[in-house]
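One chain follows as structure tokens, the form predicted on its own.
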């Protein structure tokens, strides 16, 4: 059968290097009973996953890819649809892993969904645009962003390796990076989660300013412990620092 034509509107870039594909699959720890591959395309990762003794399924939006997969992997469980629109908690009741050569145009949304379902999605192995992968894995510095902080609160994140453009068809204009996220032991934050997210987003939305200026709307009171933090920019703080700021705001509001 002829190959599937990559569709620009779906952000498809088909990986053609089988060694890289196998290396990505081998990053999974295979501790979870369920593994879901997002956007398998023509099955470059799928061919290695079907050989494992696991409960494995794929979700694919592209009808042409679904047709190709049904012909080549007749026993494969295929969910035809959009991962971003499925209800994880309704479909999956046990811890699961996500894997994929994720479309660049929705890769951040996939990770936000993992964050929202972090007690179910306990492992993610994926290919991203290199800049995005580095940002997610970065602990401090200019590359770090809102999603980095939120994910690092609940996942241990490792930047695994870089992938060159020429191993894809069609080749993207940028290099790619493979990262791995594994759920850590944190059950919940030691502060109000909604307020924590609000403070992180506010700090990064004005990332060139010091937090003393970007967080003015929270009416932070002088405090020797947080004064040092307020002199910094959002990118210079880690998860624990943002928790401290959130706890300070909570105390003020509860007075």
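Since we're looking at a predicted model, the values are computed, not measured. Residue numbers count along the first chain shown, from 1.
What comes next is about the form predicted in complex with a small molecule, which is not displayed.
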Please pick, from 226, 189, 27, 44, the one residue with any non-hydrogen atom lying within 4.5 angstroms of the small molecule in the predicted bound form. 44
If the criterion is a non-hydrogen atom within 4.5 angstroms, does every one of 57, 97 and 125 touch the small molecule in the predicted bound form? no
Would residue 203 show up as a contact with the small molecule in the predicted bound form if we use heavy atoms at 4.5 Å? no
Consider residue 81 of the chain shown here, and say whether it contacts the small molecule in the predicted bound form, taking contact as heavy atoms within 4.5 Å. yes
Consider residue 230 of the chain shown here, and say whether it contacts the small molecule in the predicted bound form, taking contact as heavy atoms within 4.5 Å. no
So, residue 38 and the small molecule: in the predicted bound form, are they within 4.5 Å at any heavy atom pair? yes
The chain here is shown without the small molecule. Which stretch in 117 to 125, 177 to 185, 134 to 142, 99 to 107 comes within 4.5 angstroms of it in the predicted bound form, by heavy atom distance? 99 to 107
